[in-house]
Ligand SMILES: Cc1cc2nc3c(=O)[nH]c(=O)nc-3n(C[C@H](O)[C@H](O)[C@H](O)COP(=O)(O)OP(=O)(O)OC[C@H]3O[C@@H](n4cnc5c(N)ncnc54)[C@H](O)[C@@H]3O)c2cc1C
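Okay, here we've got a single chain as structure tokens, the form predicted on its own, with questions on binding and movement later.
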């Protein structure tokens, strides 16, 4: 193979964005992806006419990296309602976003969904999320957790455990509220400044748009990299060599390793290990006429009691009806509790169905038919303060760069940003 200016290892969102920016800067590149598909943890498959998203469940339209990369109009986005329905003490209560729905937020306080004191305490947090420019930097770390932040603001344990813990447990796939307060504030800002939405054809459309921006001739799928070798210490145009399991070699001036944390460490053993947050997504289908009323809304339902195993629930077809054949509704419940995730599929689904029967009644759930259970062991890198402090540097020296949400922020935005920053660093290196 002729030497390249840069070899990109990994065809997930970070690798695709690195490739796009290299292409835009006229950098000679090639991308090597181990699997047969591109997109990594963002994808959609079809089962019996139903669209099943893998990995990230929603797109936050306020993500800064979407600008200039994703055509939101082409995605034909369908939005969730802001706020959530919280299942607590045998009934659902509505909690609204005070910045998007101020009257509903007042109603939440007046009806007892939250105390008036809590409403006053979270308003400054919400206003900062909506307007503070510093929050748009997702790479910072405050060094203390989201729970610490809420305790500092004297938000009641009832609201913390009944809303913030399960809601942001769904966002971070971590029910501890242990995520760094900066990561928590960044998510708050994204919810305050945009909407959570689904592309009408599924989340895989995000990856498809990125793929369409790069030439197929520069992409090698089903190509597993076995070894990354530095061949020269100087500024030689062939200072790096990549060897594949098929016996091929590729040479380049620079390397972008755009793999997840474990994949990157397998090639570069000196990199620190990262802790992961896991999830299981349970998807049922039911005739639309038999869908419980609360699931007919385009809104998330969360477990305010913490009895689980389902932490958060929605009906994707109530957001985007095209996710299933006409007359069919999909119901998607996510499990994040490590103890529940250790159960067999059959036991997990049985426990989840029992929980849903408590929420909606036995008659409502007995018609639900299981579509699939997707287990994602490495869904998101954990984002506690010590995790962010231990992030490896993107620039590993000598023309070796890292990309991926483990070096920035654990989100689609973080993955996209890392690809852009790595490509810019390669451009600077090559002069």
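Note that the structure is predicted; figures quoted are calculated from it, not measured. Positions refer to the first chain, counted from 1.
One more form of this protein should be noted, the form predicted together with the ligand, which is absent from this view; the next part is about it.
Residue 63 belongs to the set of residues with a heavy atom inside 4.5 Å of the ligand in the predicted bound form. With a 4.5 Å cutoff on heavy atoms, residue 34 counts as touching the ligand in the predicted bound form. For residue 41, a non-hydrogen atom is located within 4.5 Å of the ligand in the predicted bound form, even though that partner is not displayed.
Remark: residue 376 counts among the residues lining the ligand in the predicted bound form, judged by a heavy atom distance of 4.5 Å or less. In summary, the region of this chain contacting the ligand in the predicted bound form, judged by heavy atoms within 4.5 Å and restricted to 72-80, 216-224, 350-358, 128-136, corresponds to 216-224. Checked against the ligand in the predicted bound form, the residues 286, 335, 319, 259 give one hit for a heavy atom within 4.5 Å, which is 259.
Here is the short version: of 30, 388, 52, 58, the single residue with a heavy atom within 4.5 Å of the ligand in the predicted bound form is 58.
Heavy atoms closer than or equal to 4.5 Å to the ligand in the predicted bound form belong, across 383-405, to the residues 404, 405, ordered by sequence position.
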